[in-house]
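So this first bit is one chain, no partners, the form predicted on its own, shown in structure tokens.
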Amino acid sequence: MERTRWYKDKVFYQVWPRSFKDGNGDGLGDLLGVYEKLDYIKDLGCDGIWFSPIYPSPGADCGYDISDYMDIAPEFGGMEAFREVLEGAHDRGMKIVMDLVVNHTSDEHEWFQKSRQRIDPYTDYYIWRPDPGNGKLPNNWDSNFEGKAWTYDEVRGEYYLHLFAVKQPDLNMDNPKVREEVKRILRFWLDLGVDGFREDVITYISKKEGLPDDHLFPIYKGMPQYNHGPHVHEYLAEFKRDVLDHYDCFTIAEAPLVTPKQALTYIREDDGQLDMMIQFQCMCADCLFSDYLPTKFHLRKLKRAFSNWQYRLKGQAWNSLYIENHDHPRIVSRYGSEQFREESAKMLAVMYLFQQGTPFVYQGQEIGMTNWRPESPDMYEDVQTRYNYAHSNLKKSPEQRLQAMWRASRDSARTLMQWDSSENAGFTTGKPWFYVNGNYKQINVAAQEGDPDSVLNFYRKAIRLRKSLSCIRHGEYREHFPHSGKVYMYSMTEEMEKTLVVCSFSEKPLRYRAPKGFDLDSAELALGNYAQPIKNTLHPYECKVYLWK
């Protein structure tokens, strides 16, 4: 079957299922709730849904620790509910993308339970090493979530590798039997009608032979030995050749610390193994590598990241565009301003939606949800947050450490979706599994539906405008005034049609000028976030999209 490139014309909506909408009143978001909101997602302008994991899982990492890859967790409604959502989405012309998490499983997966007992063929499904003795570990690698990357298993009498939580043992992808299992998983969901996969930390699946110590990285030790490992392209090409090429589907890879040059070895359209890549550089304008290493926000750093990917991938590969997902705090609280919440939420939407690529909108982003600030660290659910609170910045007071979590925690983006001003923000009629942000009575879908100037309706206008412009899909990106630390300005140009996007990151009014060749007097101001824009002046966090046809 020919694999088409339909994903280039889509806008995806990411659903974090347990916090999106509870359809049966048990307090946990589920697929019945998603089904109820399919028209809402469609009306937003999104014609694809990416589901974070909805498989059976013990929940050590909110579903990214999977115990059965070929089923839907009963708490989400089981397979019957999933089929209804899949059919309902397809009936609306929408695509469904699943999360593929095959770097690791849950330690409660049948494969791991049999591997620790050395039951064939599962004995070498995971990465085991004997105890070196003398209190040493097999190597000096760190896990991304909980301390060192090795845990001793009493049943097997050996250490197993886990690059993430202790309950997330890494699969041994060098074992061809494991790769056959991955192909079975892919075929199962594609045969069911799923349209593609977001592949979780897929660049980690091949570890350097011998698992040598890492003497390069001061933190996240080991990453140079497993990120973009020796066989990763070979294994991904095998999955593509044996399975993916036989379906009209698409794949998007999560790839921490990837550069455009590295990305092209995965996603180049003439010979790549994947279709798109989720890079992290656009999320590092206020941190070093990780949200837990915060810095001051630098607009020039943000602009360099977006522009670098636009320039380097042009004509060779396709960009993914995002500013929020389940792994990062809310963007208004990071790159925008809670004081100018509506203005900055709209500006940030324009900032990324009019570039070339496939946009992703994360639930709640479209109404300008903000970071959650719990009163106690015990209120956090996320394994990474809990570990960082307990082990980082120990010289600081508990209050200071809690403030650091407010800024960095993934749980800031995992609070309940704010549907209305009723109890629990309209998420559930039962007792919710998690917390709702205290500002839900002011910030919610119902309040914004009838307000033509709301963040929600602005997103609808912006997505509609984006889809109407050929120059966004086919045009040439160019950044203007790259040295400005207050304004992000770029154009998309295709023959007779072009746009100029102007975004202010300042809380004070600014003067600006158009670049040479862009006569604002002959342009249509197609979109903006102030009712009375002033030529050559930007209000706080103002955005303007100029159009020439």
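Keep in mind that this is a model prediction, so the values were computed, not measured. A residue's number is simply how far along the shown sequence it sits, counting from 1.
From this point on, the text means the form predicted together with a small molecule, which you will not see here.
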item	value
Triple contact flag F12, E324 and E366 to the small molecule in the predicted bound form, non-hydrogen atom at 4.5 angstroms	no
One residue of D214, D200, E479, E181 in contact with the small molecule, assessed in the predicted bound form (non-hydrogen atom, 4.5 angstroms)	D200
The small molecule: the contacting residue among Y160, F434, F145, Y125 in the predicted bound form [heavy atom, 4.5 Å]	F145
D47: touches the small molecule in the predicted bound form, heavy atom cutoff 4.5 angstroms	no
F164, heavy atom within 4.5 angstroms of the small molecule in the predicted bound form	yes
Exercise: E254 in contact with the small molecule in the predicted bound form, heavy atom 4.5 Å	yes
F51: touches the small molecule in the predicted bound form, heavy atom cutoff 4.5 angstroms	no
Contact segment among 487-495, 39-47, 56-64, 507-515, judged by heavy atoms lying within 4.5 Å of the small molecule in the predicted bound form	56-64
